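Encoded as structure tokens, the following chain is the form predicted alone, with no partner shown.
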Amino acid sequence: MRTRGTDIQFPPRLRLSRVPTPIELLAQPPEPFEEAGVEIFIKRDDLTGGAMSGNKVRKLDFLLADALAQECDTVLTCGDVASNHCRTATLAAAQLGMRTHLILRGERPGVADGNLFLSLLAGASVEYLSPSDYARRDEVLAEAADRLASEGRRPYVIPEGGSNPLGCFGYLNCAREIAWQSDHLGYQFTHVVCASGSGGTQAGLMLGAQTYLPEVEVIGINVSSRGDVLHERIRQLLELWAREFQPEVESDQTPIALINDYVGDGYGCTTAEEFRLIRTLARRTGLILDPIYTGRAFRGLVEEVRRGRFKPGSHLLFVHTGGLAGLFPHREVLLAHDPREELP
């Protein structure tokens, strides 16, 4: 979809996210970067807040502004038991005086940890679904909304990951922010790279890049699903956004750069190599990645650099989408390592 910066009308937003977030050159990057002559910078969206940090809060700035405008009193959304989005939505709703009801994929754990612990601490009510039942999550959300409405509540439904056309403004705005930083701080990027799960972060960055960063390629690294499914989801988001917010602008078929080689056994099935990269980067650089999104995406980026995808002199910006709380359920495997371990 083609956008025009002077014509983009941003909808109302809240100020839940602490932005702009800094951009930092990664000290002591993995060896393939130096060997390939490629510089790697980090967009620190793990610093968008405290407990609400990460990429989801940028989307919620717009989504919850709409919820308040509609005088809703309950946020209804869905995700995995370890969902960053559900944790952030619950905490943001509590800050605004709203309730939250979550539809979660997975069994109720014996002990709540990580993101689930924070969601429950902030008062979320929860339904747990099997993976097969979760596959019809849109229907389940609609049924739950009807049930809550019959109880006198005013629910506001947010899809998985906050990934709908309105939520895309979160990372459209981030692209504008990156462009400002590039102009004023002297950063020149050739590529922006992010983890791509429900598609909204990548779609928003693509929309924003077309206007504010026209020479930059946005690349998503698939962390969760079949490549064809995620590709179609992103394409639909781009088309729906254009239809809803810029119907007067002629659309084009912007290529979707999506790398699908690192999904492995699927969402949340973190590999030994990904765990190793997480703990080694933490030890060498102080950068904390998470085991579901950024750990997998950064591992994929390392391999793509090793394979020669990027020309010497490329300047890559990796969007760190947060997820710190997702580390804690994996504390044993993350601490069981040889201190002499080297970066891959």
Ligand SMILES: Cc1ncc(COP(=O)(O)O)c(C=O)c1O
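When you see a residue number, it is the position in the sequence shown, counting from 1. Computed from a prediction, not measured in an experiment: that's the story for all the values here.
What comes next is about the form predicted in complex with the named molecule, which is not displayed.
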Going by heavy atoms within 4.5 Å, which of 194-202, 255-263, 175-183, 95-103 lines up against the named molecule in the predicted complex? 194-202
Could you tell me if Thr21 has a non-hydrogen atom within 4.5 Å of the named molecule in the predicted complex? no
Quick one: is Phe62 in contact with the named molecule in the predicted complex, heavy atoms, 4.5 Å cut-off? no
Quick check on Ser17: any heavy atom within 4.5 Å of the named molecule in the predicted complex? no
Ser119: heavy atom within 4.5 Å of the named molecule in the predicted complex? no
Using the arrangement in the predicted complex, list in sequence order the residues of 116-134 with any heavy atom within 4.5 angstroms of the named molecule. none
